[in-house]
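A lone chain, given as structure tokens: the form predicted alone.
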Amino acid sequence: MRIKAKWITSPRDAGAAAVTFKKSFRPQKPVSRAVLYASAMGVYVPYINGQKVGRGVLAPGWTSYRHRVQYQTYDVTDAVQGKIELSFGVGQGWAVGYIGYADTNHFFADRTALWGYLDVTYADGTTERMITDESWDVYTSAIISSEIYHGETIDLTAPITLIGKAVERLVETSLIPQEGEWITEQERLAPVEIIHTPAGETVIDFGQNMTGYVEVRVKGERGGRIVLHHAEVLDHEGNFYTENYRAARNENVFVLSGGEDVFKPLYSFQGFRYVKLVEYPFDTVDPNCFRAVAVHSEMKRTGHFVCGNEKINQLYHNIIWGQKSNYLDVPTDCPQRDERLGWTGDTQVFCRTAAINYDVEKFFIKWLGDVALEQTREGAVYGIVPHCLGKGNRTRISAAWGDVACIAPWQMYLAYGNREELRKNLPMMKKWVDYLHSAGPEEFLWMDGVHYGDWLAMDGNPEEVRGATSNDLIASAFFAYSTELLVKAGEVLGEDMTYYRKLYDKVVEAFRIYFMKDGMPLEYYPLTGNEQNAKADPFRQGMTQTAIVLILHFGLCKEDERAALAEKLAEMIRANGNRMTTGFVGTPYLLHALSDNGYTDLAYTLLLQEKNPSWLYSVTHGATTMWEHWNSLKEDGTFWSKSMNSFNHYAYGAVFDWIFGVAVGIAPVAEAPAYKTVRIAPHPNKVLGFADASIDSRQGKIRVHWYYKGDTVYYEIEIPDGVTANLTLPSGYSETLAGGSYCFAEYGLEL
């Protein structure tokens, strides 16, 4: 069948309002199968005879629209058995509305558009297809305004009128079958409290910071208005606080029909814990009328963890909810303010933890496909993907951000063992390393870049976003790391990696010559570059926690230098009151650098630290998700800043990679990925009392449970059939385990 569907749009620009495309269809014979295919520039909802089709929301999802847009497939056989009305509601979504700090409108397209067709197979084997074309009618809708950042206005009293016939629309992008997971509604949370604030506000507390929207079920007088504003936190006086949302209004307005109404946004979502009733047409608030609906990509939960320390359990809870909140089709940095962007640095920091908690293979297949498409001809990778920040400094190419091009494909390979996906990503990895090789004036160092550096570290100035560690040191360290990962990936695939292995050796050598002396980083490095570089890197220190962590974890030191470097790192931590100073760059590897070099006890001390900066500082201050800053909320109850202070920012949740891989002791092995061979090396600690973790790997469930009875620690280990486990216990005892259940015990451990 050669009939080709067209992209169609409204004959009149609807602005921020959603429109509805409609067409009737009558099957000519008994139907054996009917399949609907649909996509949009914008966000669409399909209906047959007024009933929503499918379980997904916010379709077709967010891709690099300049290059490709997904289409979805729906089996609608049961619904297409008589005359039907097929309709699509279409709103602006990411493609057409404001995106990128809320000052970039129509970045991908200036009008919404719909594409789709209905394929019908009759019982006699003949087929018929109904396509989107100029014969479709276009109507106004009850959604009179909708924006990703600003929320949605639904007026059930608004007249629905015919705008006219659809017109064909030129859309210059590729249509691809859906690669990622469906975005779906997940948990439904009832209010835990109705709050009357000191300022006289009525606020609903759902008890959990999250991503999604509020569903309201009411019956009231026609024309009555419900206006909801959303917030993550209350201020130190207990009043509703939204300044950290910046320009994002996060306002949902519902106008009642006079009958039984159910309201929830169709083309927008919010990040929130609290909802303020700005307008409410009833004298009392019935909490049963409100439900917070969590929305995220439909990923299968694979990892589980519990221990004997309730604060660590709450930390894990916060990590899980941070991932759910920010894995909404794109790995975003935050779900609430005028951002919600696919920051590559946050992604590479967290992706290993992400693949423990959930099955994220499909999620990353889709997103890494966009990273590859948006990679520049020279091999650069932008700070966000999909890229939507326009020109200027907002497009900076930064170390530890662009390195996602090598880090994420390798971590996905370790987790899932998909050689074909690794092969598909290898050209992107090569291009990135080639870009690093030519990125600055030095052949084997990345100098003179404008980087984000050790973002939000505490050693530069606690009120600044920039850490003290030299950007050139960080960039050159990641140059070596990405090259190493490229070599590993190429060798797995049977590629000749001689050139890149030699390049790696030269990068490490150049790093050691420039940034190290006598086995230690230098105290300070002179400025190399222009004024923009100087502003991005004002401190340029080398003797920092992050610098030593990178040198240790990336193998940039000689083996006989490790002990002194680790001792220096431990000394710096202890001198800071047993606290870290690291930011986005150093924190993911900090505990590994300690435990890999004989300081597991100090790693535990950091994990259990409650003073700022620490993972438990936010827990002790009531957090239900991870915070962007170590001190997003200060001890005096004030906030770190108004302009950049998310309370749902998953990056620091990467610590669970250490909890799972070192404290509990379950880790994949590169030589046999996807947990075909697994390293079991637990590091128990009496303060935790016990730890019990498992992962539903591609091979089956792997579980380690250790617990104390007096001075004896017991280990219970479950290995699925076909998996080899290399066990090493703290006493030094080692054994190779096959599939089965095992128990071990050790007496008198120091930890």
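Bear in mind that the values here come from a model prediction, so they are computed numbers and not experimental data. Residue indices: 1-based, along the sequence shown.
Omitted from view is the form predicted in complex with beta-D-glucopyranose (BGC), to which the following refers.
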Counting only non-hydrogen atoms, which stretch in 134 to 142, 450 to 458, 255 to 263, 604 to 612 is within 4.5 Å of beta-D-glucopyranose (BGC) in the predicted complex?
450 to 458
273, 352, 296, 649: which sits within 4.5 Å of beta-D-glucopyranose (BGC) in the predicted complex by any heavy atom?
649
beta-D-glucopyranose (BGC): the contacting residue among 230, 337, 629, 324 in the predicted complex [heavy atom, 4.5 Å]
337
If the criterion is a non-hydrogen atom within 4.5 angstroms, does every one of 343, 346 and 644 touch beta-D-glucopyranose (BGC) in the predicted complex?
yes
Do residue 333 and beta-D-glucopyranose (BGC) come within 4.5 Å of each other in the predicted complex, heavy atoms counted?
yes
According to a 4.5 angstroms non-hydrogen atom cut-off, is residue 94 in contact with beta-D-glucopyranose (BGC) in the predicted complex?
no
Are any of the heavy atoms in residue 446 no more than 4.5 Å from a heavy atom of beta-D-glucopyranose (BGC) in the predicted complex?
no
In the predicted complex, does residue 401 have a heavy atom within 4.5 Å of beta-D-glucopyranose (BGC)?
yes
When beta-D-glucopyranose (BGC) is considered in the predicted complex, the residues of 570 to 586 having a heavy atom within 4.5 Å of it are 584
